[in-house]
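The chain below stands alone and is given as structure tokens, in the form predicted alone.
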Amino acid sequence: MGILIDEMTGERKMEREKAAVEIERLRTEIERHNFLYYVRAAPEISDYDFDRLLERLISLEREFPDLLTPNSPSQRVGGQITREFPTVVHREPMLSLSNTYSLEEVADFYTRLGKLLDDEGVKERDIVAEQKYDGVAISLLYRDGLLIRGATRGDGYQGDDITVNLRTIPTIPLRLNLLWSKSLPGSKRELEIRGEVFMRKDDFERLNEGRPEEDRFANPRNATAGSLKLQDSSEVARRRMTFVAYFLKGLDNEEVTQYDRLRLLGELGFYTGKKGNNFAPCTNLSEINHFISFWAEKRWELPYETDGVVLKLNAVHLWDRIGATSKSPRWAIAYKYPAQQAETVLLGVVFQVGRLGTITPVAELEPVRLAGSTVSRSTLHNFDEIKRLGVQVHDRVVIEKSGEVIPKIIRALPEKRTLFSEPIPVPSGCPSCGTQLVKPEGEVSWYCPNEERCPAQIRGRILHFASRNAMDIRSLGSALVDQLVVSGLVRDAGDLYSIELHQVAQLERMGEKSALNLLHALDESRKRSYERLLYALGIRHVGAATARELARAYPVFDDLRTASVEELASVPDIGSVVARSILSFFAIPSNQELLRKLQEAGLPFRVAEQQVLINRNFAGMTVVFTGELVWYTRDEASEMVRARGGKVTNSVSRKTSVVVTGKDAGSKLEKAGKLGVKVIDENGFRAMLQ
């Protein structure tokens, strides 16, 4: 581009220089009006005049394309097509908050926080109460004031890079108002802003207008989540979403409080909620309860959905010292408003078959509006739950939304029962394949035992294998899986990697382009991690967290396959039940064939890289934990040992190097004394970590 500029005539260079000045002026002016309109709700010019400014900017950028930058306000209109959203790793985990629906538990949190601060010799225990927005969590990264990346929360450790779509949201500044800020403390070169993308009620209603009933979004949160992952950014721009910022990280002065950071975010150009008292400092429990009760009544008047209140320790510089569990910070909690309830009629029950053969009864309800959406179905979980509820077909029932998302029946109303009500029978055969159902001793669910030939189970296992947290095969949806199974092309997940282009292209609604997308997605799935493959296999009782533990304990798959029940049970969070389930999985011939296919397809059957140790303080040692720890969860403490070269087991033996005791230590402590094994408390453990 510089060569083209050098070849310009002198007159053209002068025009370009004038255009550069005018473009910069227009960008500054447009961003200022965006800020006034979307953040301050105090516009100074009409929509017509704003459009004239934007048109002038776009015209100049077209005339001088070398002056166009990604952070220009003209780029908010979108237009880019994104086939894939790359995965990015968060610099610090985006932990979810612990939820409570009880004011008593809020009081417990406040008391517990006070004790933690007392242990640190700190008296600063002010709380900031903030509205809890019902949206999608987002992380924004700014370098030298310019937006360089925006990502979803994902699993908390990594998310999707959706920068191109986030640029279309007016309340996300493309460049920060650093000059406008009156009190920005010295900051690092990079700032991270975290917040929530949501859809205002009027924008949500506008989006649903004119859409067929079957294509309408159930609620604003679902609409937001779906819109952020659209491939066409111009369509994202048309859907009109809002970003609200609630945390700022990257200040040189970490002692800036959370309350001051919220105010600073507003000065930087971010929307921080409805103007007024949407966040407030609280110096005692009475003020916290007042904030919660105030918004419990007033939240229905807000232009957006809010489902609770978030409480955070105001002193940000103490957050790291107080710490977090593996899932949630200890310095914050989310109080969620009690779920709304509605009365309706149970019209009938259908039975779904899961990937493990579990039969789940699903209630078909007379449609009813509840917490912003129409509910027509609800899970009944199992027949023990049906018996507990005492519910029958044609009964009137009370439903509520758990977390205002998942509907469930909470009680039947037998006093309103009619002569038409009838019991809900256990089906005699599998709804998918007709095989007689079984109910294992000690379990509450009925199962279809036809594991290898039941179409519903086959489809379920393949969909689980392709799911986001497993192998993430994004082009493989339920409709396509149905076709692949019915056509006989695929009998298990291993067959996916041997299907050919022409076989997929001939399926209904596919074609060559869609078939190529699927083959590309399958090829990309070979790059997923070993631990995700362990989860994708669908072993009963092995979730994502358990798969991570197995990958740490057995970084080579063949070692896992040959491990004994006792060896597996000694892995943290495994135990004898899960250990037996793993061995049972390996013993089934069809699973052995599946593993052979996956290995031949080149999927990862070992950890790609060994973790670099923090130090070797526990090298060669075997550690056992007993009792409740104060500073760490059991998982956290175990990971700390492994990160320092040690091994963690659940049972004490003569090979045990040290037993770490917490509150209410049990028989392991007694056994350690008999065997002469070294015993230390949690303070001694913390000292060994250093």
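Predicted model only: the values in this text are computed from it and were never measured. Just count from 1 along the sequence shown to find any residue number.
A second form of this protein, the form predicted in complex with a small molecule, is not displayed here; the remarks below concern that form.
Trainee: Does at least one non-hydrogen atom of Ser378 fall within 4.5 angstroms of the small molecule in the model of the complex?
Mentor: Contact with the small molecule, no.
Trainee: Quick one: is Val122 in contact with the small molecule in the model of the complex, heavy atoms, 4.5 Å cut-off?
Mentor: Close contact is absent here: in the model of the complex, Val122 is far from the small molecule, nothing within 4.5 Å, heavy atoms only.
Trainee: Considering non-hydrogen atoms and a 4.5 Å limit, does the small molecule approach Val310 in the model of the complex?
Mentor: Yes, Val310 lies within 4.5 Å of the small molecule in the model of the complex.
Trainee: Does the small molecule get within 4.5 angstroms of any non-hydrogen atom of Asn314 in the model of the complex?
Mentor: Contact check for Asn314: no, nothing within 4.5 Å of the small molecule in the model of the complex.
Trainee: Only one of Ser96, Ser576, Gln436, Ser564 comes within 4.5 Å of the small molecule in the model of the complex by heavy atoms, so just point that one out.
Mentor: Here the answer is residue option Ser96.
Trainee: Which of Gly145, Pro555, Pro431, Pro329 has a heavy atom within 4.5 Å of the small molecule in the model of the complex?
Mentor: Looking at Gly145, Pro555, Pro431, Pro329 one by one, just Pro329 meets the 4.5 Å heavy-atom criterion.
Trainee: Picking from 165-173, 296-304, 132-140, 419-427, which part of the chain touches the small molecule in the model of the complex when contact means heavy atoms within 4.5 Å?
Mentor: Stretch 132-140 is the one.
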